[in-house]
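Heads up, the chain below is alone and in the form predicted alone; it's given as structure tokens.
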């Protein structure tokens, strides 16, 4: 159960590939708790001495926890922030977890211009981002929202194209998909609830400065 202690700082961390690098960076400055693990069965992991507690959420849910104040701060990918469009402060680009949002098609369907793909079906777990991209380019598309295995959609005829997050491009190549347009670059971001940022400014500001200093040290090494 979440502590009612007003001095407690609640940190949201996302399940998946960003969890461990985020937790490791916070631990460098003492922001950790016994049993903190992506696979923990505890819903809230508390460090009473440090007056911090952690919640571990699905990535797409994390900005909602921060927006509504269930978490004071969180670390999440820019791709999720763009898609969820929540009212939070984005305080720091943490410079890890680099990936990109790309539009990809099967090699056999590659066309000369972006506009040549008009009116095709696009599968994605980023429908808001995809819709805005096509709107900005004056292209009408049918967008189909999926929650996983996006590369499967063209293989079984559900969609002709996909918009998905790409790290190395290996998965696309293995599924004979080609990148045809770049939507956004995405890295992990440090975000805060707007009220918490004011009420707990000193603690949150200190965390941001500590993480910023770590970045500078890493860039110089």
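Positions refer to the first chain, counted from 1. Computed from a prediction, not measured in an experiment: that's the story for all the values here.
The form predicted together with a small molecule exists for this protein as well; it is not shown, and the discussion that follows is about that form.
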Sort through 182 to 190, 164 to 172, 26 to 34, 40 to 48 and report the only stretch with a non-hydrogen atom within 4.5 Å of the small molecule in the predicted complex. 164 to 172
Residue 148 within 4.5 Å of the small molecule in the predicted complex, heavy atoms: yes
Contact test in the predicted complex: residue 78 vs the small molecule, heavy atoms, 4.5 Å: no
Residue 212 within 4.5 Å of the small molecule in the predicted complex, heavy atoms: no
is_contact(residue 17, the small molecule) in the predicted complex, heavy atom dist at most 4.5 Å: yes
